[in-house]
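Take a look at this single chain, the form predicted alone, given in structure tokens.
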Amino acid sequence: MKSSYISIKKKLIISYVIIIIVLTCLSGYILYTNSILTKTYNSFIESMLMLNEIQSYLGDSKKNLDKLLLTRSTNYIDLIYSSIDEARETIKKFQETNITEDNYMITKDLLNLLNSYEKYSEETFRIALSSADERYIENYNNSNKVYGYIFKALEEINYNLSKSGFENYSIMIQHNNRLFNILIFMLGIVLFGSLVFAYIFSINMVKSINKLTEAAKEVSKGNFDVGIIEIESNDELSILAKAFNKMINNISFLLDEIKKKAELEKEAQFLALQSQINPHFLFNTLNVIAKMSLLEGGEKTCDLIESLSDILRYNLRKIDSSVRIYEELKNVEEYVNIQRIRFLDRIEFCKDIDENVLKYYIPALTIQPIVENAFIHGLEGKEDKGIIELSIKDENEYIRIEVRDNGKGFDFDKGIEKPKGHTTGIGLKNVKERLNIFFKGRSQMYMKNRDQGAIIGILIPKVGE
């Protein structure tokens, strides 16, 4: 299954997000546990403060009762009730806190003891204010006895709270130690994971860059045989490798094209040099021969020499230059005239030309070698009449040129190229290569047999007018 493209930037962002999420979860857990510990500690402190308040209120009520007995003043009655009520309300608030079941039961007893204390205190100052003697002593002693019970109950609650507090403290210490270990473990995992990711990421990146660097060094030395650079990271480096491979292929293709073109130019120059050996002497000699033939009544010989002279003059031009189609057709006509004299009535040459395509350009010596091939390979050795048909048709943006003969057809198993020893020496392969270069790969050339004979055709784009 083909993996999707992930850029280097996206990879880095994903890794950073993962690290941030892990650290955020870890920090959140630490804050949550600290919040629980803080609430537990605050609850403990609040409970201890309430116990101190209860003790303080009871202490005030005891002091006010003693002052009342000492002064026999009613001013302390409200203070006594007020202190006892405050103590009672504080005990009820204490019950609403998060206390243990044992402490809750003690507070219920504590409220009953506080009611008894209030009852004995009330009887004490009522008797003391109603008489001058000391009959209040019995209630006062009971009040003090209950007061002592209340403080013992408070001490028991205080002891339970302290015991619970120490236990909680021990749990907190254990929890903090465990939390510290978890924190170190998680930080270790994050650090180790980050280092592993950075190591793998950097190794893969450096390895890919080294591949491209080594290949680029070879290319800079002129060695384009570096093979396909494969990088499977699916990021910018893989795109860079694909672009590099494509660039190497394009350069290799262009170098091959340049090499082929150079070989064709060398071949053309060689043929041109062969053909240009003392051309003026050759043309002058041909003219003298033509005039002598005319004076001697050899009109056909004169025509033959003039046609040969025109063909040689046409062939002496640079082989890779372009000509208009009508110029190429004129050269074909001269060639056919020579062949008619050679084959007499055994050859019939037919043309079917769209006049509007004669203005376009093609490489020189494009059609004539194809017609020559029909004469040499199609009709040579044929005993009955040979027919060669040349058609040039307009097909919108293209021109189709076909040469048909009724000869023996192609023997594709033995090959068809035997250019040496004939008029131009320019074979069909040469024509195909020059068309490919001139029309930049947009031309087509095809050869096929038909019921009787063969067809050689080219399809070329229209160039110039």
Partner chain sequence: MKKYFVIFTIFLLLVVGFISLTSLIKCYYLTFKYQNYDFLKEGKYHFILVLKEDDVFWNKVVDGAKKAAKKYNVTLSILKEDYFDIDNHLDLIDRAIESSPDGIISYALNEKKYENIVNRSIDKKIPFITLDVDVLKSKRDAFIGTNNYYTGIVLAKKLIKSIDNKGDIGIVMNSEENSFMLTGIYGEVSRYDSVSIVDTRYIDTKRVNTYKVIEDMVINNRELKGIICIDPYATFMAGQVIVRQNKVGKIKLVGMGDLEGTLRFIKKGVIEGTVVRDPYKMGYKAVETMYKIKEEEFIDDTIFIELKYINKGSLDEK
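Positions refer to the first chain, counted from 1. Everything numeric here is computed off the predicted structure, so don't read it as measured data.
There is another form of this protein, the form predicted in complex with the partner chain, and it is not shown here; the text below is about that form.
- Heavy atoms within 4.5 Å of the partner chain in the predicted complex belong, among the stretches 351-359, 185-193, 223-231, 326-334, to residues of 185-193.
- Although the partner is absent here, residue 306 lies well away from the partner chain in the predicted complex, with no heavy atom inside 4.5 Å.
- When contacts are judged by a 4.5 Å heavy atom cut-off, residue 25 counts as touching the partner chain in the predicted complex.
- Heavy atoms of residue 98 reach within 4.5 Å of the partner chain in the predicted complex, making it an interface residue.
- In the predicted complex, residue 313 stays away from the partner chain, with no heavy atom inside 4.5 Å.
- The putative spot formed by 105, 149 and 178 is fully lined by the partner chain in the predicted complex; each residue has a non-hydrogen atom within 4.5 angstroms of it.
- Though the partner chain is absent from this view, in the predicted complex it lies within 4.5 Å of a heavy atom of just one residue from 203, 171, 344, 255, which is 171.
- Put simply, of 290, 91, 153, 390 only one has a heavy atom within 4.5 Å of the partner chain in the predicted complex, and it is 153.
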